[in-house]
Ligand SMILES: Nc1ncnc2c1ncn2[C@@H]1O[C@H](COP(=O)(O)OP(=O)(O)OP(=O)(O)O)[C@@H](O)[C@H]1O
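So this first bit is one chain, no partners, the form predicted on its own, shown in structure tokens.
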């Protein structure tokens, strides 16, 4: 079939042609945006899921919904070893400058910009290259303590009041929340809690690996009440079928029921893998219908593509000791894995493996599913490891 007409989008963070199975999450986000603009309490969200489940796609979609509702939107990704102050400063400055163009909001926006100068100074943020136009002079006492838990709520408050005066709202989207330090995560939670208490139109939607719920609770105990934590996992058979079938029909082609079931079964409903296998099946099928034979003949090519890209880049980030650790995990079958079993498989004392385990968790490759248990953050990663070590 014509590869130029292939509707599937297997790239990282690419929006699939049919965003199936996520209606509840998107509707709740839309309601939160609408409530914020009306001055009603609006609950922030933390999307939790493994790699390849579509969390980044959902963040982008929620951003589009928010913009259509009249909110200003900031989207950032938290890379490893970057402070929240450095991450948020350019976005807060951009939002404050935008709001300063509205006369009713100008006073609050100017105060926010003044506070941001203090903030940049105490957190040693390089901002000279970002300068544009005349900034207000720093205001003594505003966002200059050097403590993120004190300064960030002050800045969020000024931006929130400016947005409220302008009849707008501000949505902050942060991907890969698990990479924030506990101190930074606590500062973010405190700031959002203050916005909720003050009824200001500032909403947050974050996305991260499953351990983020525990990390947020460890940072601030009230985080479990501040956020909702929708799980973003594999699609059920109905949603997975719709995600594959509808784009094919929209292109004037078709897929047999056996072919559809073959795709769903082999990918276990994980969105990224669905897109990969459906894309290869489209390219390899003579058409105009994709059948089970086309899917089966495309599977090995799909696996090679995933092994060389999606899986390999993650394994390549690990040291030799860390590779040995994950190899031992995969040798035990499919997880979750008891830590003591991993140590036994390696012939090691569990206490000696603590630093290795912590490093792999920090790199986002594994996570703690329960006390004493670990699993991979990438679906089907154990299968990949076993393919490398037949």
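Numbering follows the first chain given and starts at 1. As the structure is a prediction and not an experimental result, all values here were calculated from the model.
One more form of this protein should be noted, the form predicted together with this ligand, which is absent from this view; the next part is about it.
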**Item:** Stretch from 92 to 100, 186 to 194, 109 to 117, 268 to 276 whose residues place a heavy atom within 4.5 Å of this ligand in the predicted complex
**Value:** 268 to 276
**Fill in**
Note: exactly one of 360, 330, 33, 57 sits with a heavy atom within 4.5 Å of this ligand in the predicted complex, namely 57
**Item:** this ligand: the contacting residue among 46, 365, 326, 50 in the predicted complex [heavy atom, 4.5 Å]
**Value:** 50
**Asked** Should residue 243 be classed as touching this ligand in the predicted complex when contacts are defined as heavy atoms within 4.5 Å?
**Response** yes
**Prompt:** Can any non-hydrogen atom of residue 307 be found within 4.5 angstroms of this ligand in the predicted complex?
**Reply:** no
**Request:** Flag residue 375 as yes or no: does it have a non-hydrogen atom within 4.5 angstroms of any non-hydrogen atom of this ligand in the predicted complex?
**Result:** no
**Message:** Does any part of residue 380 reach within 4.5 Å of this ligand in the predicted complex? Heavy atoms only, please.
**Reply:** no
**Prompt:** Which residues in 312 to 338 have a heavy atom within 4.5 Å of this ligand in the predicted complex?
**Reply:** 314
